[in-house]
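What follows is a single chain, given as C-alpha coordinates, in the form predicted alone.
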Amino acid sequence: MSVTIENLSYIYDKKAVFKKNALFDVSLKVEDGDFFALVGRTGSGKSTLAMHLNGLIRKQTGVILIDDFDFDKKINLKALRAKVGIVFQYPESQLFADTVALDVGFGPKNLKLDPKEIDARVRDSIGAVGLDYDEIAGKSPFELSGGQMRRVAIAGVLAMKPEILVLDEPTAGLDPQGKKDIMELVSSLRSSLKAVIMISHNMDEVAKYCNKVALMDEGRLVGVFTPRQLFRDDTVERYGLLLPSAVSLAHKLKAAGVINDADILGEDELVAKILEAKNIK
(Lines give C-alpha, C1' and ligand atoms only; values in the text may rest on other atoms or scores of the structure.)
Protein backbone atom coordinates (compact mmCIF):
# COMPACT_ATOMS: atom_id res chain seq x y z
CA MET A 1 0.00 0.00 0.00
CA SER A 2 1.49 3.35 -1.03
CA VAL A 3 -0.75 5.81 0.84
CA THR A 4 -3.41 5.31 3.52
CA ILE A 5 -5.35 8.28 4.89
CA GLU A 6 -7.95 7.82 7.61
CA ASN A 7 -10.20 10.47 9.17
CA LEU A 8 -7.86 13.32 8.23
CA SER A 9 -9.06 16.77 9.30
CA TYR A 10 -7.25 20.08 9.14
CA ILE A 11 -8.01 23.63 10.27
CA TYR A 12 -6.03 26.65 9.07
CA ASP A 13 -5.34 29.26 11.77
CA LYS A 14 -6.79 26.91 14.35
CA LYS A 15 -6.64 29.45 17.18
CA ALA A 16 -7.86 32.43 15.16
CA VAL A 17 -11.36 33.87 15.24
CA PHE A 18 -11.69 33.39 11.48
CA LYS A 19 -10.24 29.88 11.35
CA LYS A 20 -10.86 27.86 8.20
CA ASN A 21 -11.84 24.21 8.19
CA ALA A 22 -9.99 22.84 5.15
CA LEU A 23 -10.43 19.06 5.54
CA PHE A 24 -13.18 17.10 7.28
CA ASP A 25 -12.66 13.43 8.15
CA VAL A 26 -11.11 12.41 4.81
CA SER A 27 -10.29 8.73 4.29
CA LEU A 28 -8.85 7.19 1.13
CA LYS A 29 -6.19 4.79 -0.13
CA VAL A 30 -3.79 5.06 -3.04
CA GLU A 31 -2.55 1.66 -4.18
CA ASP A 32 0.77 0.84 -5.80
CA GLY A 33 0.38 1.37 -9.55
CA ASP A 34 -2.39 3.97 -9.26
CA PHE A 35 -2.63 7.10 -11.36
CA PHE A 36 -4.87 8.79 -8.82
CA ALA A 37 -6.70 12.09 -9.44
CA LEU A 38 -7.88 14.58 -6.84
CA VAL A 39 -10.68 16.70 -8.30
CA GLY A 40 -13.08 19.32 -7.01
CA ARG A 41 -13.82 22.99 -7.35
CA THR A 42 -11.32 25.58 -6.08
CA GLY A 43 -11.18 25.52 -2.28
CA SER A 44 -12.32 21.92 -1.94
CA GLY A 45 -9.19 20.87 -0.02
CA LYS A 46 -7.21 19.12 -2.77
CA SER A 47 -3.94 21.00 -2.31
CA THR A 48 -4.21 20.91 1.49
CA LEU A 49 -4.55 17.13 1.31
CA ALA A 50 -1.64 16.80 -1.12
CA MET A 51 0.70 18.94 0.97
CA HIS A 52 0.18 16.60 3.93
CA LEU A 53 1.81 13.81 1.97
CA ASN A 54 5.37 15.11 2.17
CA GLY A 55 5.09 17.05 5.41
CA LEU A 56 4.61 20.55 3.98
CA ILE A 57 1.51 20.65 6.18
CA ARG A 58 1.79 18.85 9.51
CA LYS A 59 -1.02 16.52 10.46
CA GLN A 60 -3.51 17.70 13.10
CA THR A 61 -6.16 14.96 13.31
CA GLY A 62 -6.33 11.56 11.65
CA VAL A 63 -3.94 8.95 10.29
CA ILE A 64 -1.48 9.10 7.39
CA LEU A 65 0.60 6.06 6.49
CA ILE A 66 3.00 6.06 3.57
CA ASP A 67 4.77 2.73 3.44
CA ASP A 68 7.12 2.79 6.45
CA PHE A 69 6.40 6.41 7.45
CA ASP A 70 4.01 6.79 10.38
CA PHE A 71 2.93 10.41 10.71
CA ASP A 72 2.03 9.92 14.39
CA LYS A 73 5.74 9.62 15.09
CA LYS A 74 8.63 12.00 14.49
CA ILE A 75 9.35 11.92 10.76
CA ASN A 76 12.62 12.45 8.93
CA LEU A 77 11.27 15.12 6.58
CA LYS A 78 14.27 14.94 4.28
CA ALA A 79 13.71 11.21 3.78
CA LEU A 80 9.95 11.68 3.35
CA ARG A 81 10.42 14.38 0.72
CA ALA A 82 12.83 12.13 -1.15
CA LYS A 83 10.09 9.46 -1.21
CA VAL A 84 7.15 11.77 -2.03
CA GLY A 85 7.95 14.41 -4.63
CA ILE A 86 5.57 17.32 -5.25
CA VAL A 87 5.48 19.36 -8.46
CA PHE A 88 3.53 22.52 -7.72
CA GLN A 89 1.27 24.43 -10.09
CA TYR A 90 3.41 26.58 -12.40
CA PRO A 91 6.59 24.88 -11.08
CA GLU A 92 8.75 26.85 -13.53
CA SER A 93 8.24 29.88 -11.29
CA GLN A 94 10.40 28.07 -8.70
CA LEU A 95 13.42 27.74 -10.99
CA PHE A 96 16.26 29.86 -9.69
CA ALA A 97 19.73 28.52 -10.51
CA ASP A 98 22.08 29.86 -13.17
CA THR A 99 21.94 26.65 -15.22
CA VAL A 100 19.52 23.79 -15.78
CA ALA A 101 22.04 21.30 -14.36
CA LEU A 102 22.42 23.27 -11.13
CA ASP A 103 18.66 23.62 -10.76
CA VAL A 104 17.97 19.91 -11.27
CA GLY A 105 20.85 19.00 -8.95
CA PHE A 106 19.74 21.25 -6.09
CA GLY A 107 17.70 18.56 -4.28
CA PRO A 108 20.30 15.78 -4.53
CA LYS A 109 23.00 18.23 -3.38
CA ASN A 110 20.92 19.00 -0.27
CA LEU A 111 20.89 15.25 0.43
CA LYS A 112 24.70 15.56 0.58
CA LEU A 113 25.18 12.92 -2.08
CA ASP A 114 28.51 12.21 -3.74
CA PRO A 115 29.16 14.59 -6.68
CA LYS A 116 29.26 11.64 -9.09
CA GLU A 117 25.85 10.47 -7.86
CA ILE A 118 24.47 14.00 -8.19
CA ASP A 119 25.75 14.24 -11.76
CA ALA A 120 24.27 10.83 -12.63
CA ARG A 121 20.88 11.80 -11.19
CA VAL A 122 20.86 15.11 -13.05
CA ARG A 123 21.68 13.39 -16.34
CA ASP A 124 19.12 10.64 -15.80
CA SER A 125 16.36 13.05 -14.76
CA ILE A 126 16.91 15.46 -17.64
CA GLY A 127 16.79 12.52 -20.02
CA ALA A 128 13.68 11.12 -18.32
CA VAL A 129 11.71 14.28 -19.12
CA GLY A 130 12.66 14.13 -22.78
CA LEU A 131 15.38 16.79 -22.86
CA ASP A 132 18.92 16.49 -24.22
CA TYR A 133 21.45 16.91 -21.40
CA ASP A 134 24.31 18.07 -23.64
CA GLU A 135 22.09 20.64 -25.30
CA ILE A 136 20.35 22.03 -22.24
CA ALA A 137 22.41 21.44 -19.07
CA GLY A 138 24.52 24.60 -19.35
CA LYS A 139 21.66 26.92 -20.34
CA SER A 140 19.82 29.24 -18.02
CA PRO A 141 16.36 27.84 -17.24
CA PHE A 142 14.96 31.23 -18.24
CA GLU A 143 16.17 30.83 -21.83
CA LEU A 144 13.81 27.88 -22.31
CA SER A 145 10.26 27.64 -23.60
CA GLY A 146 7.41 27.31 -21.11
CA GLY A 147 7.06 23.60 -21.79
CA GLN A 148 10.81 23.02 -21.41
CA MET A 149 10.87 24.96 -18.14
CA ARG A 150 8.11 22.78 -16.78
CA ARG A 151 10.03 19.66 -17.80
CA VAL A 152 13.12 20.98 -16.01
CA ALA A 153 11.04 21.60 -12.87
CA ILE A 154 9.73 18.03 -13.03
CA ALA A 155 13.29 16.76 -13.58
CA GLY A 156 14.34 18.51 -10.37
CA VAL A 157 11.77 16.47 -8.44
CA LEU A 158 12.68 13.24 -10.25
CA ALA A 159 16.33 13.77 -9.31
CA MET A 160 15.31 13.03 -5.72
CA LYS A 161 14.22 9.55 -6.95
CA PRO A 162 10.72 9.71 -5.41
CA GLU A 163 8.51 6.64 -5.25
CA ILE A 164 5.32 8.73 -5.27
CA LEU A 165 4.91 11.76 -7.53
CA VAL A 166 2.30 14.41 -6.69
CA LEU A 167 1.39 16.90 -9.43
CA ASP A 168 -0.69 20.02 -8.82
CA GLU A 169 -2.39 21.04 -12.09
CA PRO A 170 0.57 19.86 -14.22
CA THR A 171 -0.75 21.31 -17.50
CA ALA A 172 -2.04 24.66 -16.22
CA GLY A 173 -1.19 27.54 -18.54
CA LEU A 174 0.12 25.39 -21.41
CA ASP A 175 -1.21 25.34 -24.96
CA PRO A 176 -3.00 22.19 -26.19
CA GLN A 177 0.16 20.57 -27.57
CA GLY A 178 2.05 21.45 -24.39
CA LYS A 179 -0.69 19.88 -22.27
CA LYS A 180 -0.57 16.69 -24.33
CA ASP A 181 3.23 16.52 -24.16
CA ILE A 182 3.32 16.92 -20.37
CA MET A 183 0.60 14.33 -19.78
CA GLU A 184 2.33 11.84 -22.09
CA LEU A 185 5.53 12.50 -20.16
CA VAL A 186 3.85 11.87 -16.81
CA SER A 187 2.24 8.72 -18.17
CA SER A 188 5.63 7.47 -19.36
CA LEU A 189 7.09 7.95 -15.86
CA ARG A 190 4.55 5.65 -14.20
CA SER A 191 6.65 2.52 -14.61
CA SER A 192 9.43 4.00 -12.46
CA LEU A 193 7.08 5.14 -9.66
CA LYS A 194 4.87 3.41 -7.14
CA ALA A 195 2.04 5.87 -7.72
CA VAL A 196 1.17 9.19 -9.33
CA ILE A 197 -1.31 11.55 -7.64
CA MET A 198 -2.59 14.43 -9.74
CA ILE A 199 -4.69 17.45 -8.79
CA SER A 200 -6.62 18.58 -11.85
CA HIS A 201 -9.57 20.59 -13.11
CA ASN A 202 -9.10 19.08 -16.58
CA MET A 203 -11.57 16.22 -16.76
CA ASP A 204 -10.40 15.22 -20.25
CA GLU A 205 -6.97 14.44 -18.79
CA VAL A 206 -8.49 12.66 -15.79
CA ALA A 207 -10.64 10.49 -18.05
CA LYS A 208 -7.73 9.56 -20.32
CA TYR A 209 -4.91 8.95 -17.86
CA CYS A 210 -6.24 8.18 -14.37
CA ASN A 211 -7.58 4.90 -13.01
CA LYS A 212 -9.07 6.34 -9.79
CA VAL A 213 -10.61 9.71 -8.96
CA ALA A 214 -11.30 11.21 -5.53
CA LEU A 215 -14.01 13.88 -5.76
CA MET A 216 -13.81 16.51 -3.03
CA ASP A 217 -16.18 19.30 -2.04
CA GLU A 218 -15.70 21.91 0.70
CA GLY A 219 -13.06 19.81 2.46
CA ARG A 220 -15.05 16.59 2.37
CA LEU A 221 -14.51 13.48 0.30
CA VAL A 222 -17.58 12.83 -1.82
CA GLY A 223 -16.22 9.47 -2.94
CA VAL A 224 -13.54 7.58 -4.84
CA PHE A 225 -14.54 6.39 -8.30
CA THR A 226 -13.16 4.98 -11.49
CA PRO A 227 -13.39 7.62 -14.24
CA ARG A 228 -16.13 5.62 -15.94
CA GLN A 229 -18.18 5.53 -12.73
CA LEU A 230 -17.69 9.23 -12.07
CA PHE A 231 -18.54 10.45 -15.57
CA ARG A 232 -21.52 8.16 -16.14
CA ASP A 233 -23.96 10.86 -14.98
CA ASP A 234 -23.97 14.53 -13.97
CA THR A 235 -22.20 14.03 -10.61
CA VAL A 236 -19.18 16.19 -11.43
CA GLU A 237 -21.40 18.94 -12.82
CA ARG A 238 -23.32 19.05 -9.55
CA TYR A 239 -19.99 19.72 -7.83
CA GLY A 240 -18.96 22.54 -10.13
CA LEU A 241 -16.85 20.64 -12.67
CA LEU A 242 -17.24 19.94 -16.37
CA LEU A 243 -17.69 16.53 -17.91
CA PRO A 244 -14.93 15.40 -20.30
CA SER A 245 -15.62 16.78 -23.77
CA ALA A 246 -16.39 13.41 -25.38
CA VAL A 247 -18.64 12.38 -22.49
CA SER A 248 -20.54 15.67 -22.61
CA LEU A 249 -21.12 15.22 -26.35
CA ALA A 250 -22.23 11.62 -25.79
CA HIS A 251 -24.85 12.76 -23.27
CA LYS A 252 -26.19 15.29 -25.79
CA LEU A 253 -26.29 12.68 -28.56
CA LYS A 254 -28.14 10.28 -26.29
CA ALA A 255 -30.68 12.98 -25.38
CA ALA A 256 -31.17 13.61 -29.10
CA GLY A 257 -31.70 9.92 -29.74
CA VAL A 258 -28.59 9.52 -31.87
CA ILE A 259 -27.00 6.89 -29.62
CA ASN A 260 -28.55 4.49 -27.12
CA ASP A 261 -26.27 5.15 -24.13
CA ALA A 262 -23.53 7.55 -23.12
CA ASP A 263 -21.31 5.13 -21.20
CA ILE A 264 -18.03 6.23 -22.79
CA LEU A 265 -14.78 7.88 -21.70
CA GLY A 266 -13.01 9.07 -24.83
CA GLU A 267 -13.37 9.97 -28.46
CA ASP A 268 -12.68 6.46 -29.77
CA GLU A 269 -15.50 4.99 -27.70
CA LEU A 270 -17.84 7.78 -28.78
CA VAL A 271 -17.10 7.16 -32.47
CA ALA A 272 -17.72 3.44 -31.93
CA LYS A 273 -21.11 4.20 -30.31
CA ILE A 274 -22.12 6.42 -33.22
CA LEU A 275 -21.08 3.81 -35.81
CA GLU A 276 -22.95 1.13 -33.86
CA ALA A 277 -26.09 3.26 -33.71
CA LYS A 278 -25.90 3.90 -37.46
CA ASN A 279 -25.16 0.23 -38.10
CA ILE A 280 -21.89 1.10 -39.80
CA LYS A 281 -19.12 -1.50 -39.57
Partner chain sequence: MSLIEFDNVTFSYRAGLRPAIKNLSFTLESGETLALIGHNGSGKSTLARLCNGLLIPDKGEVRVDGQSTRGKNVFDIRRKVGVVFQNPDNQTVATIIEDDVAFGPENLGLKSEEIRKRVDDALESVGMLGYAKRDPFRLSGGQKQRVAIAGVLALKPRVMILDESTAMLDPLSRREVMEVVYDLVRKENMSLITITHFTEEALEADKVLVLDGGEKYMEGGREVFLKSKELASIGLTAPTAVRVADALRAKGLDVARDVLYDEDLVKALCR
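Positions refer to the first chain, counted from 1. As the structure is a prediction and not an experimental result, all values here were calculated from the model. We call the rigid core the largest set of C-alpha positions that still match within 1.5 Å between the two forms.
Although not depicted, the form predicted in complex with its partner chain is the subject of the following passage.
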{"item": "Triple contact flag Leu242, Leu270 and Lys278 to its partner chain in the predicted bound form, non-hydrogen atom at 4.5 angstroms", "value": "yes"}
{"item": "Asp98, heavy atom within 4.5 angstroms of its partner chain in the predicted bound form", "value": "no"}
{"item": "Contact label in the predicted bound form: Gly146 to its partner chain, heavy atom within 4.5 Å", "value": "yes"}
{"item": "Contact of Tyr90 with its partner chain in the predicted bound form (heavy atom, 4.5 Å)", "value": "yes"}
{"item": "In the predicted bound form, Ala246 touching its partner chain (heavy atom, 4.5 Å)", "value": "yes"}
{"item": "Position in contact with its partner chain when the complex is considered in the predicted bound form, options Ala120, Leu113, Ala172, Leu185, heavy atoms within 4.5 Å", "value": "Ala172"}
{"item": "Partner-contacting position among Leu253, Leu65, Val224, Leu56 - heavy atom within 4.5 Å of its partner chain in the predicted bound form", "value": "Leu253"}
{"item": "Location of its partner chain contact in the predicted bound form, chosen stretch of 24-32, 40-48, 65-73, 224-232 [non-hydrogen atom, 4.5 Å]", "value": "40-48"}
{"item": "Stretch 199-216 - residues with a heavy atom within 4.5 Å of its partner chain in the predicted bound form", "value": "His201"}
{"item": "Rigid-core frame, C-alpha of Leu80, shift of 2 angstroms or more between the shown form and the other one", "value": "no"}
{"item": "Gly138 C-alpha relocation of at least 2 Å between the shown form and the other one, rigid core basis", "value": "yes"}
